[in-house]
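The chain that follows stands alone, in the form predicted alone, written as structure tokens.
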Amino acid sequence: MEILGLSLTLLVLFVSFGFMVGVLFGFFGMGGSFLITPTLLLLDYPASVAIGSGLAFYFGTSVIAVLKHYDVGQVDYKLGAILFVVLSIGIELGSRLVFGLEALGVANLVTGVAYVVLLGGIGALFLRRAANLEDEDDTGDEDVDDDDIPAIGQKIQSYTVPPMISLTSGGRASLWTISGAGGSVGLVSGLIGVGGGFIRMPAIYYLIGTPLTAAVGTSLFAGLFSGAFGTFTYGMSGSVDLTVVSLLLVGSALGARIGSAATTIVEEDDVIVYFGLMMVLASLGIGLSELANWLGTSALDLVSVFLLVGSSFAVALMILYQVVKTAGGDDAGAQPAADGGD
């Protein structure tokens, strides 16, 4: 039986997969293009359709997640607008660099290595941060204000190089810092061909120095416009499968709002651990994919996709578990109060 030209199995797969990516997207501020695109490629969709549909999904989910983060005041619009400008410049420079590397015949190698190093490095950085927070808790050092912004972010903010920009989340940052961080992220995004959410959010958190929840919301807002531009570009060439995108968005509409709301429920230590683990496993998965291409075997490709998608499903389930557990605890705590008032 087929619905909308797809088997029932594929229909359920796309809706559930969209929900999972939506949870991660709303929670971490990542577009999910590094999950959607390889999955569509594995299902034998043409590369252009996989990329175009991934960008369209990214744009649609961005709108949903940004609205939810706006509801809880986690978007710095001024910072996001500045980042969008410098991101665009960086992406253009990165794409030109790719053409130069292609002329030298090393573009695929450089892109693959950059993916593995970036994902693994960012994952290790977040896991180290989580370990430091745990050590601080063990020693009884619990300064909430200091924990909101990592030490490196506080150090960078201490250098007052004008012009200075006031951040909605508190504190000030130099326009040069914002431009350098955003431009570097854009350059890498243009080089490896992704939306860059998994780089953009850590850059806002560590380099510009905003609280983690504000970094997630602002990252989503900054990437909203680039997603719209990419969707328009691929859509004009007919490389967007609207059926697939619609099914993914049906699932992600709920998932993104749950993920966004979870940032105010789940402890910061847990957010950092989840993100770090997912990045490290994704790095391993992509590394195996590059090795499979080099060896010319498809077996490792399947393992890499399992690591990439499986780890993301596992992290999404952990986030949902935390939300359900917190909600259950609130209900249990509220019941005696209600009974006592009778």
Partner chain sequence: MIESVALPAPIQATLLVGVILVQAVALYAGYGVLERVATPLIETITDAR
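Numbering follows the first chain given and starts at 1. What you see is a predicted model; the values in this text were computed from it and never measured.
There is another form of the same protein, the form predicted in complex with its partner chain; it is not shown, and what comes next is about it.
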* Consider the chain as shown here, without its partner, and state which of 156, 127, 97, 253 has a heavy atom within 4.5 Å of its partner chain in the predicted bound form. => 253
* Structure fact -> Partner-free chain; cross-checking its partner chain in the predicted bound form, the single residue of 131, 109, 236, 117 with a heavy atom within 4.5 Å is 236
* Counting only non-hydrogen atoms and a 4.5 angstroms cut-off, does residue 285 reach its partner chain in the predicted bound form? -> no
* Asked: Do residue 64 and its partner chain share at least one heavy atom pair within 4.5 Å in the predicted bound form?
  -> yes
* Is there a heavy atom of residue 242 no more than 4.5 Å from a heavy atom of its partner chain in the predicted bound form? -> yes
* **Close approach of residue 56 to its partner chain in the predicted bound form, 4.5 Å, heavy atom** => yes
* Among 215-223, 98-106, 253-261, 75-83, the region lying within 4.5 Å of its partner chain in the predicted bound form by heavy atom distance -> 253-261
* So, 277, 304 and 306: all three within 4.5 Å of its partner chain in the predicted bound form by heavy atoms, or not? -> no
* Structure fact -> When its partner chain is considered in the predicted bound form, the residues of 10-27 having a heavy atom within 4.5 Å of it are none
